[in-house]
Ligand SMILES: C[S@@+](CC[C@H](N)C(=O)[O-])C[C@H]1O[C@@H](n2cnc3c(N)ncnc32)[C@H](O)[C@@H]1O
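Form predicted alone, single chain, as structure tokens, below.
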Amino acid sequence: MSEQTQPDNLQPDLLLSEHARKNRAMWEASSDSYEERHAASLTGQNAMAWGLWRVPEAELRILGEVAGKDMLELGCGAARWSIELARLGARPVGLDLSSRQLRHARRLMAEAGVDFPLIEASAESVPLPDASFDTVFCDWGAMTFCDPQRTIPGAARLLRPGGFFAFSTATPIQFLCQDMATDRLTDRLINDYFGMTRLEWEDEVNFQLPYGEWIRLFRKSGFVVEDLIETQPPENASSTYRDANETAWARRWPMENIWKLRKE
């Protein structure tokens, strides 16, 4: 990482949005239990893998060659992705809004014997200079919990010309079928497609857009869409994030996707 992107750990913006404060409180309260539940499925060969069913990066080849690249992970959590990228010769920076999540990241970095900057801040307002990175990426993380009207232009600002942005998140199709009353997925269209922006629970806010709105936002922000990968759980797959019924749902309809974008 270049010297201009090496600040000490920064505190979050005092003017966080209401949804950012709500999501941060949720992660501060649930970070330890999240780590306990999911650590095994995020470790080893699953550290560099995508989504709820941990499809390996070696199979999908989303990020390509990483050695020597300045890379920013949005919503890094315990920074397992960035730790593995550092081992491969990348220069990562991990960003997360939760101090508790970053505490786990520091512990795992010390155990792995690697060191790179961790920044405590919102992906909606990243406190780093323009054109600091070759790659910005997110595996669910911040792109689920932050307003894309801020994160997409923000990623474009942070990337150098020709830079690469990849992120995985839920699909609009999942959004349409999410029963908010029961917090379950159905095989029916429940929520409106036109005008979709967010799903809100008592302690959490998730964001989503219709496909056309995503593409228009990408173009407006200076991105070209290279690919949209709709992942499907492998046969006999299991997940610590989703139960068997939800896994069966995701084998019929796309529950998650990965956008691949290039800055013009």
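What you are looking at is a predicted structure, and each value in this text was computed from that prediction instead of being measured. All residue numbers refer to positions in the sequence shown, first residue = 1.
This next part talks about the form predicted in complex with the named molecule, which is not shown.
Within this chain, Trp253 is remote from the site of the named molecule in the model of the complex, having no heavy atom within 4.5 Å. Remark: Leu199 does not count among the residues lining the named molecule in the model of the complex, judged by a heavy atom distance of 4.5 Å or less.
The named molecule in the model of the complex is approached by Leu42, whose closest heavy atom lies within 4.5 angstroms of it. Though the partner is left out of this view, Gly77 does reach within 4.5 Å of the named molecule in the model of the complex, counting heavy atoms only.
For the three residues Met71, Phe167 and Phe223, a heavy atom within 4.5 Å of the named molecule turns up in the model of the complex in no case. Contact with the named molecule in the model of the complex, defined as a heavy atom within 4.5 Å, holds for exactly one of Leu159, Ile83, Ile152, Leu95, namely Leu95.
A single residue from the set Leu128, Ala90, Ala121, Met109 has any heavy atom within 4.5 angstroms of the named molecule in the model of the complex; that residue is Ala121. Partner proximity in the model of the complex, defined as non-hydrogen atoms within 4.5 angstroms of the named molecule, places exactly one of 188-196, 109-117, 133-141, 175-183 at the interface: 133-141. Counting a residue when any of its non-hydrogen atoms is within 4.5 Å of the named molecule in the model of the complex, the hits in 27-61 run Trp27, Tyr34, Leu42.
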